[in-house]
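One chain is shown next in structure tokens, namely the form predicted alone.
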Amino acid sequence: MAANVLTITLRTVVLFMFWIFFSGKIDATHLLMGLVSSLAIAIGSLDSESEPLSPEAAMRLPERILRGIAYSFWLLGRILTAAWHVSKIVLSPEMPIKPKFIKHKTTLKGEYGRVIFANSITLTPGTITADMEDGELLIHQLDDDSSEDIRSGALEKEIHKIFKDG
């Protein structure tokens, strides 16, 4: 029971920090709405099959949050670079696209890391994750350059920094 309280508390705090950051409003009404919403989501996201957050995992949470923030900025840079690449392709009179599906087996072990990996691929212009099963992703790419961060392992390496233990 105490572990569930810790899990709910930490989730609420993290969600509330995001609320404050993205809402841009710090008056009492908005803060109260954000806190209540964050708490409701934290409680609602508990399910009977998920394990409560251990004290050890709770101690690593601030480091993971900082690494997640760093990853977000790294990904934003990759998204902007990919958008520029796709823009050049689309605006080129030759339209040099070579679309195809590729399969990629991820080295990420944890479910959260795999989901972030698949979503990061889809967020990056020129690539879309079409399917993911047992750690193998089916990815549609606009051309070979569009999937370079996937094939080189750079994207997984950055995500692995957040989820060092799987």
Partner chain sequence: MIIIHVLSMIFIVLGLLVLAAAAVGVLRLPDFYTRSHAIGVTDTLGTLMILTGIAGIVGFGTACVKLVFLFLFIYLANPTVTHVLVRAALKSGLKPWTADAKKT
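Numbering follows the first chain given and starts at 1. So that the term is clear: the rigid core is the largest set of C-alpha atoms that superpose within 1.5 Å between two forms. Bear in mind that the values here come from a model prediction, so they are computed numbers and not experimental data.
One more form of this protein should be noted, the form predicted together with its partner chain, which is absent from this view; the next part is about it.
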- Message: Although the partner isn't part of this model, could you tell me whether Ala130 comes within 4.5 Å of its partner chain in the predicted complex, counting any heavy atom of the residue?
- Response: yes
- Message: Can you tell me whether Leu142 touches its partner chain? I mean in the predicted complex, with a 4.5 angstroms heavy atom cut-off.
- Response: yes
- Task: Check whether Asn119 has any heavy atom within 4.5 Å of a heavy atom of its partner chain in the predicted complex, and answer yes or no.
- Result: yes
- Answer yes if any heavy atom of Pro125 is within 4.5 Å of a heavy atom of its partner chain in the predicted complex; otherwise answer no. yes
- Query: Is it true that Ile26 shifts between this form and the one not shown by 2 Å or more at the Cα, once the core is aligned?
  - Reply: yes
- Query: Is Ala154 one of the residues whose Cα moves 2 Å or more between this form and the one not shown, with the core superposed?
  - Reply: no
